[in-house]
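Just the one chain here, laid out as structure tokens, in the form predicted on its own.
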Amino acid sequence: MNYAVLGGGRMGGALIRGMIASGMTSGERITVSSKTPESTAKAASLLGIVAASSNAAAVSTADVVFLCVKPVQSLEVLHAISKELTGKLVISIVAGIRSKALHEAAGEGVRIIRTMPNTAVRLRKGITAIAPDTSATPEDLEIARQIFSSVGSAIEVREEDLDTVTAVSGSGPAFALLMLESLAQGAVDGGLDPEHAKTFATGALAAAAALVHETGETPLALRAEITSPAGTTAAGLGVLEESGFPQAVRGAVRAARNRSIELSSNS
């Protein structure tokens, strides 16, 4: 198969690296087109793939087209190359733009799969939600699974769930990084060297995620195991709960989800 990547940014680059590293394809079968000739050439050179002179040229020989541009650009990009897209599978990683809008821009004869990868795909440890449109075939779905499994894991969801997935999986790492930043600053406030503070804070969040992932226990159960009555953890958790931390995090998820819905309603 030949692949075209429209947009050579971080996420597009991470997907390309994962596909090549996993052995599912090679650089000469992937063509990239970016906003300017300079950015296209830079992406092609860094990733060891083929540079295209335009989006139309990139998709002309492709079987699978990745739409990796910004949401405000996505429909215009598809509409401009709709004639070249006929008969192809378009995999969108664009947040908030519905399959219906993508179809209207891309034209008839295009098969659509929407996805939401998270930032850890750059480490090949991402989690990607895959929402196939009714136009996609079982073979298309399997292609998408193979691609995103090369950069982590893939989970099939309904398209109507993607707004929530975007809020939790797409935006969630930034929320966790704010927690990490705050933990590290608390350690610095307590007298630790900044690098040591960052290392201990990073280890704390990594430990929490690993415990949930590897034991299969709930966060609530694991938190109870860690928390001794009247101990240091209980004292800290008391401050977080009194300050409304759990409600603030849930509010952040709602806000991110609502923004994703707004993006889709404007498309």
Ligand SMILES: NC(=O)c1ccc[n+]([C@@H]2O[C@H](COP(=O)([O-])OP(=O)(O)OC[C@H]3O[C@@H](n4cnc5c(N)ncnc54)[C@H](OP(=O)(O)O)[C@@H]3O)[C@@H](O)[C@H]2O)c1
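For clarity, every value in this text was computed on a predicted model and none was experimentally measured. One rule holds for the numbers: they count along the sequence shown, beginning at 1.
From this point on, the text means the form predicted in complex with the named molecule, which you will not see here.
Counting only non-hydrogen atoms, which stretch in 157-165, 183-191, 134-142, 112-120 is within 4.5 Å of the named molecule in the predicted complex? Of the options given, it is 112-120.
For T232, is any heavy atom within 4.5 Å of the named molecule in the predicted complex, or not? So T232 does not count as contacting the named molecule.
Does at least one non-hydrogen atom of I30 fall within 4.5 angstroms of the named molecule in the predicted complex? So I30 does not count as contacting the named molecule.
Heavy atom of S153 within 4.5 Å of the named molecule in the predicted complex: Flag for S153 set to no.
Is the gap between G107 and the named molecule in the predicted complex 4.5 Å or less for some heavy atom pair? No, no contact at 4.5 Å.
Looking at S228, S53, T36, S45 here, can you tell me which has any non-hydrogen atom within 4.5 angstroms of the named molecule in the predicted complex? That would be T36.
Just give me the single entry in I147, V90, A129, V94 that has a non-hydrogen atom within 4.5 angstroms of the named molecule in the predicted complex. Partner contact (heavy atom, 4.5 Å) among the options: V94.
Do any residues of 65-85 have a non-hydrogen atom within 4.5 angstroms of the named molecule in the predicted complex? If so, which ones, in sequence order? The stretch touches the partner through C68, V69, K70, P71, Q73, V77.
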